[in-house]
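This document starts with one chain, in the form predicted on its own, laid out as structure tokens.
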Amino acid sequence: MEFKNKKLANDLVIVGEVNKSAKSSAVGFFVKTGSRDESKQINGVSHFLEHMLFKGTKRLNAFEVNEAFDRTGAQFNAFTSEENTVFYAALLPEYLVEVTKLWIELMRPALKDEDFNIEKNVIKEEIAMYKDLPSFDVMDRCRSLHFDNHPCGNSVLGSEESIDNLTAKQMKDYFLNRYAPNNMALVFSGNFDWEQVCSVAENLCDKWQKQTAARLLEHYQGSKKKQRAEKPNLNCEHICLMSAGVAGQDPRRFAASLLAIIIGDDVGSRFFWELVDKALAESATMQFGAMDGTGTFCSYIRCMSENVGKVLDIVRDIFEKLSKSGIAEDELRKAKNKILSALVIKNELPIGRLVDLGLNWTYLKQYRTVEDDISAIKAVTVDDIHSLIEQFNPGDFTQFSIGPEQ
């Protein structure tokens, strides 16, 4: 493995991890923008923009964009989160330059009014689809409740109202500000020629202009509010619990990930043995989400309505025991093995490595090898976990539930 990085005159960063033994390559643009960078008036614009980039450029229409990817055999896609919009492709090394040029062109889309108006309906259909999925809806609404008026509570999809009211000019203004070279990274992994891809980027991206793309960064403890919504035709109760966690820049993020596995992995965790194995809940999981300047522990539980009271009593008991007695060495060892296995397997492929490479640079401005992360996970002690529990107390949570009418 060989790490490379370069900053162009306009502050676009190019990052690469060369692995000549790999049989594939991966490339991606990591744009530091998401729903937390939106106002309430334009909520959903980041995700909308992700869609619009595939609608074409001044030179290519949507069909030609798809055809250009298709002929290379590239596996390509994009995703938008609260904090990032990422465009990526995994492909054969001989097509890397061609696909890199295509992504660069797409980073300056046409954003035509007629495409904007058509795509509005697609976005609204997507919002409606996810509202029909209680497991998604409850977590989206719990995040908004937990963060209250903090921008991290903005929905990635936006609302039907915000999308309806969004104008093409608002989107273009947002694009010009957030898709600036100083707010992006072009990332490569796998088998590729570093000098060649740098030359491509320098020739095609040098005219991009820097902008001021600030982001509000502050830790947030959470509202700790409790709410429930009723929905007809539901038989199960969907429960989301959210509490504060460490930020993506905090070295304790590895301990936080291990704690979430101990409490809420889908197999062998405390939630599993107390709720799922005893048939009190169909699903009970916890995840740690590291964010820019803050973080969350998020649990999702699905159970029959008649079991809600008992399930929540057991959850409170699990958290109380966690605060009083902490965790055991054996629990930590098992959690480490789970995280290490997932980490190593994912990073064996250039496309898996691409995401970690890009996000590490986005959050830390730092190169971390797989070995660095392995060492950090192995170094976490029981005392580290206990210190985290004492400071953040995951049992002190915001709660949002969606269930049948009572």
Partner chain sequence: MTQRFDKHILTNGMVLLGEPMEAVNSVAFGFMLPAGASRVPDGCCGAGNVIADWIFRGAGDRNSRELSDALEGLGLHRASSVSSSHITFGAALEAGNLAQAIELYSEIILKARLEAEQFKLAKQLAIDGVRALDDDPRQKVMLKLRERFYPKRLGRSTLGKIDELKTLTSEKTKQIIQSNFNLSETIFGVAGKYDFEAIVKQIEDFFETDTQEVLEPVVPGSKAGKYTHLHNEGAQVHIGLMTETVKPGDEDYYNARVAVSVLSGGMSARLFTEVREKRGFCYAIGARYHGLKEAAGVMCYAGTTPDKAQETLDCIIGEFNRLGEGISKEEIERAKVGLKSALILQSESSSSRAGAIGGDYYILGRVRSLDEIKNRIEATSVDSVLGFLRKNRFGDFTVVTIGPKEVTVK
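Residue numbers count along the first chain shown, from 1. Fair warning: this is a prediction, and the values are worked out from it, not measured in the lab.
Absent from the display: the form predicted together with the partner chain. The rest refers to it.
- Comment: 233-241 is the region of 233-241, 172-180, 140-148, 203-211 lying near the partner chain in the predicted bound form, near meaning a non-hydrogen atom within 4.5 Å.
- For the three residues A110, D313 and T362, a heavy atom within 4.5 Å of the partner chain turns up in the predicted bound form in no case.
- Just one of D132, E320, E161, E218 comes within 4.5 Å of the partner chain in the predicted bound form, counting any heavy atom, and that one is D132.
- Of the heavy atoms in N393, none are within 4.5 Å of the partner chain in the predicted bound form.
- Among residues of the shown chain, T369 is not one whose heavy atoms approach the partner chain to within 4.5 Å in the predicted bound form.
- The partner chain is not drawn, but in the predicted bound form it has a heavy atom within 4.5 Å of Y95.
- Within this chain, T72 lines the site of the partner chain in the predicted bound form, having a heavy atom no more than 4.5 Å away.
- Residues of 337-368 placing a heavy atom within 4.5 Å of the partner chain in the predicted bound form, in sequence order: N337, K338, L340, S341, A342, V344, I345, E348, L349, P350.
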